[in-house]
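Take a look at this single chain, the form predicted alone, given in structure tokens.
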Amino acid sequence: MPTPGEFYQRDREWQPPAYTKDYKTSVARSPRLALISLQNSVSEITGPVFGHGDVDPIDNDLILNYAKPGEMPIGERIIVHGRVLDENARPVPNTLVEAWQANAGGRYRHKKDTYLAPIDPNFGGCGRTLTDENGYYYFRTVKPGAYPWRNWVNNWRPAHIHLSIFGTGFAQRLITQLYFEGDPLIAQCPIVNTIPDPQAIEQLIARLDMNATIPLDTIAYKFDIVLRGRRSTLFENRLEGN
């Protein structure tokens, strides 16, 4: 078997800088010295291992996976779906996608969240699923609410869902956020505005998908996720890896 090719280098002009003065917490979180690029080791180009059998079929249904029997959370019912692909447009099958979010009022089920919106007793705010052989995934949930945060005097986070995607190797793992088409708070958000390329911001916006919407039930949004691709490698004088 050929050795898997290394992943493409991260595009620093596409990703937001570690330090941005208008994003207050980046001041404390950003490194003080220049970043160092390291060559991928075998452990980084091979996949993380987790128990696929531990993923329950209801884990991707945030409407039901925390609710009491016979009850449901409050909020606009939505479906978020799409494909996980790499930079070579190849599907990433059988990979773990995790999601967490605020409830419809904009509050997380977390002891440090003190926003005055109420906690929904039937909404846990997290879920997970595995992509199928075509890299396809979906979640059913309620649309999260916007919430204020202490950056400037009057900053609000747009409605968003956090996503973690394991990929096929540690260097490919991605943690990101998706936003919703038409939300006016996206353009006002200091976190979103750390991203230097407008096209990169567009890739973080889930698009309304009426074809996948269930009439009289659930609105759908489509959001494809792109992970880092692999370089080509030579094996028996043939290119392998992409």
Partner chain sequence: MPQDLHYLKETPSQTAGPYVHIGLAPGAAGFDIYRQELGWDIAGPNAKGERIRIEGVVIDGTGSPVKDVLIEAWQANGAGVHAHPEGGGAVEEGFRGWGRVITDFETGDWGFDTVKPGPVMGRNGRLMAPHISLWIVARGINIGLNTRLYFSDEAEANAADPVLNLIEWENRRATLIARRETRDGKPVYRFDIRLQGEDETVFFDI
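Numbering follows the first chain given and starts at 1. What we label the rigid core is the largest C-alpha set whose atoms superpose within 1.5 Å from one form to the other. Just so we're clear, the structure is a prediction, and the values are computed from it rather than from any experiment.
Unshown form predicted in complex with its partner chain; subsequent notes refer to it.
query: Is there a non-hydrogen atom of residue 219 within 4.5 angstroms of a non-hydrogen atom of its partner chain in the model of the complex?
result: Contact with its partner chain, no.
Non-hydrogen atom contact residue 109 with its partner chain in the model of the complex at 4.5 angstroms: It does: once its partner chain is placed as it appears in the model of the complex, residue 109 has a heavy atom within 4.5 Å of it.
- request: With heavy atoms only and a cut-off of 4.5 Å, decide whether residue 69 touches its partner chain in the model of the complex.
  value: No, residue 69 is distant from the partner.
query: Is there a non-hydrogen atom of residue 145 within 4.5 angstroms of a non-hydrogen atom of its partner chain in the model of the complex?
result: So residue 145 does not count as contacting its partner chain.
task: Identify whether its partner chain in the model of the complex is within 4.5 Å of every residue in the set 79, 92 and 181, based on non-hydrogen atoms.
output: Not one of the three qualifies.
Listed residue (55, 208, 212, 185) with a non-hydrogen atom within 4.5 angstroms of its partner chain in the model of the complex: That would be 55.
- request: Would you mind checking 162-179 for residues with a heavy atom within 4.5 Å of its partner chain in the model of the complex?
  value: If the 4.5 Å heavy-atom criterion is applied to its partner chain in the model of the complex, 162-179 yields 162, 164, 166, 168, 170, 171, 173, 174, 175, 176, 177, 179.
message: For residue 51, does the CA position differ by 2 Å or more between this form and the one not shown when the superposition is done on the rigid core?
response: Shift of 2 Å or more: yes.
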